[in-house]
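Shown below, as structure tokens, is a lone chain in the form predicted on its own; questions about how it binds or moves come after it.
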Amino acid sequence: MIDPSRHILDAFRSRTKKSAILNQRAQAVLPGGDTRSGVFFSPYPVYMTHGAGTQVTDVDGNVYLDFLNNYTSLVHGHAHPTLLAAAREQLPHGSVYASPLTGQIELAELICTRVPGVQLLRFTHSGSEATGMAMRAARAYTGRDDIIRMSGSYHGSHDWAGASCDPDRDRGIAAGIHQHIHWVPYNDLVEAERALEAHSATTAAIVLEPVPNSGGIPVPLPGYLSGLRALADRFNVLLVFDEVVTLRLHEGGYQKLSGVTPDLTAMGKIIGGGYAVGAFGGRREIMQQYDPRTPGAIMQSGTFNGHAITTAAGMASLRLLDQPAIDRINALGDRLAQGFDEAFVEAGIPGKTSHVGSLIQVHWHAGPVNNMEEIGAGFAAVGQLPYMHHLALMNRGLFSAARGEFCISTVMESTDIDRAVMLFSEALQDVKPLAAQLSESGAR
């Protein structure tokens, strides 16, 4: 049987020869040639050398229109002059000291002013660490150990986040953690209620992304988030929102957009202006557990927590990301999703998008996408088709996540959206033979 994707792979290898060489070199010192699992894709990831505005350039000189933006963190694109100026102003004065910093106060004040559920906060190095500390805060405050999570959810790389519904696949995660995590489908209040009825006496919190970005962007059904809030109150457990990604959707995060206020919130990405950052915060009485003046206070530290460069760039980032700027990129996201949906129809290939504002996810089936199980089943049914389309997009100069995730930055214009739709449509034609083969084999 002729491989209908061979020409896509051959074109990719031909234009990324230097990346292939670097990938081989990296394997001698990095497992699989990688230090960040999320950026890997087959046959090998490209090595970027620089970014400017909406574009990134790889070691072979290929230029890409960037719709990944370091997995949503670069909401103002690459090397934004305002963010660079903020970082440069701080650089001559040093990067970090063994002391509190004024910048930490200023950034915390801005976040607390904007985000309804955050009265006090603490900084971390990453969003992953932020979700871990938020879970710890919930367990400490309630005196209970268990967490309710959404099946297929992602909250970082620590053990409480890395644990999945399938313990046999969770190598290196202590077996005891699994007995303290109870899984329910996203968008299913009935199952959430059942889990709480069975485990409320031992459950500290319900933890979820209000819109699961890594889970494929299923959108919350009407009443779902407010229903979870009501269940948390009824069963006396905490509601924790992971807004590491969704904070970009409104000045006050998705909690402001939805009108549902959690007890704790984890944050990251856009609050650091392109530098490593995380934060967690919430109700005053919960966060007071971290006050070192309090007997039995929770210890939480980190050499680079609230880094001076990060807080300076983070302030600049959030000031630029006011509500008019957010409304603008959300509208561009609507336009991109509509263009992709129309491209699927024109190509005669089953597919569609789910999206919320500036976050867009491509799906390769026409069925429901209300939770991660449905989304996962859709991807499993089409094999390599999404990944070949990703390579076809790269061959045409568009950079996105291999899993079909796209996001908008504030430096993008409508012309960038139109170009992306055009390239997306052309790449669909590249994979059409593969889609036809899948259809004939009954895989779709």
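From 1 onward, residues are counted along the sequence shown. Note that the coordinates shown come from a computational prediction; the quantities given were computed from them, not determined experimentally.
Missing here is the form predicted together with a small molecule; even so, the following discussion is about that form.
Enquirer: Applying a 4.5 Å heavy atom distance criterion, does Tyr154 contact the small molecule in the predicted complex?
Expert: Heavy-atom contact with the small molecule at 4.5 Å: present for Tyr154.
Enquirer: Should Asp263 be counted as a contact of the small molecule in the predicted complex, where contact means heavy atoms within 4.5 Å?
Expert: Outside the cut-off, so no.
Enquirer: Do Ser128 and the small molecule come within 4.5 Å of each other in the predicted complex, heavy atoms counted?
Expert: The answer is yes: Ser128 has a heavy atom within 4.5 Å of the small molecule.
Enquirer: Taking 4.5 angstroms as the cut-off for heavy atoms, does Glu209 touch the small molecule in the predicted complex?
Expert: Because a heavy atom of Glu209 falls inside 4.5 Å of the small molecule in the predicted complex, the answer is yes.
Enquirer: Thinking of the small molecule in the predicted complex, which stretch from 102 to 110, 120 to 128, 84 to 92, 224 to 232 has heavy atoms inside 4.5 Å of it?
Expert: Stretch 120 to 128 is the one.
Enquirer: Can you work out which of Ile217, Val245, Ala137, Ile147 has a heavy atom no more than 4.5 Å from the small molecule in the predicted complex?
Expert: Contact residue from the list: Val245.
Enquirer: From the list Lys269, His250, His78, His182, which entry has a heavy atom within 4.5 Å of the small molecule in the predicted complex?
Expert: The option sitting close enough to the partner is Lys269.
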